[in-house]
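This document starts with one chain, in the form predicted alone, laid out as structure tokens.
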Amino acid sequence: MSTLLKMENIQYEVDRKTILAIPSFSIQQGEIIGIMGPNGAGKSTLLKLLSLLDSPSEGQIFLKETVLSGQKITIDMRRKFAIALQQSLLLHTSVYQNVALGLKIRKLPKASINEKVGYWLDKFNISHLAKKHAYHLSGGEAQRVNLARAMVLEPEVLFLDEPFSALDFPTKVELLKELKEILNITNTTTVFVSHDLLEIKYLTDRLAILMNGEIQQVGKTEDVIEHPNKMTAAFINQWKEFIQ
């Protein structure tokens, strides 16, 4: 696989305090990579930098060979990415209108919008909810709409920031299965932030462990879980004991 997204010599500081220090980190075309670590490790900050929602204090971010950081972020750059958060943040309108919004902003023809929205409503098994108001949805239904709203944009990179953490276990398992199948079929490059090792183990190809603002270990998910290094062993083993 070729490198799609890359960070080099990244520093992120707030009030002269270093939040992230990442010499090098790369994401491969078509992979699903997990980012995991204790609370306050900088996971969401890392995702914000990668998705261009924030800018590093130092260093560069590349999409293939194009430098994204250190310059004015254009609409075309942002359109290469889509993000789904823990809170779905749906608009006060129908499911259909929520999923269609990004396409309308991009001024796609109505017929194309109808086709794309219909396709993704079907993929996430929410076609029957198209006319339902978003605020009348269950948590699982709202998260399906959230994911459909991201995938309908056909992003080069999909960012997921703990989208399953508020769901009950049966709903989480069902949606994880559906999403894994969709990501594998579409070959969508995905960055998945989670605090749950079960989610990470099921969904991801590679795993990066972030601690104290630094990536302490990265590799194939199973390798990192089964062979943690000295820096990550306590964190990983604590999770392994919990889920056994």
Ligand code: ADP
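All values reported here derive from a predicted model rather than from experimental measurement. Numbering starts at 1 and follows the sequence shown.
Separately, the form predicted together with the ligand exists; it is not shown, and the next lines address it.
To verify the annotation, which of these, Ser44, Gln216, Thr186, Ser55, has a non-hydrogen atom within 4.5 Å of the ligand in the predicted complex? After the contact test, the surviving option is Ser44.
Counting only non-hydrogen atoms, which stretch in 55 to 63, 173 to 181, 31 to 39, 201 to 209 is within 4.5 Å of the ligand in the predicted complex? Looking at the other structure, the answer is 31 to 39.
Could you tell me if Ala234 has a non-hydrogen atom within 4.5 Å of the ligand in the predicted complex? Because no heavy atom of Ala234 falls inside 4.5 Å of the ligand in the predicted complex, the answer is no.
Any chance Ile19 has a heavy atom within 4.5 Å of the ligand in the predicted complex? Ile19 belongs to the contact set for the ligand.
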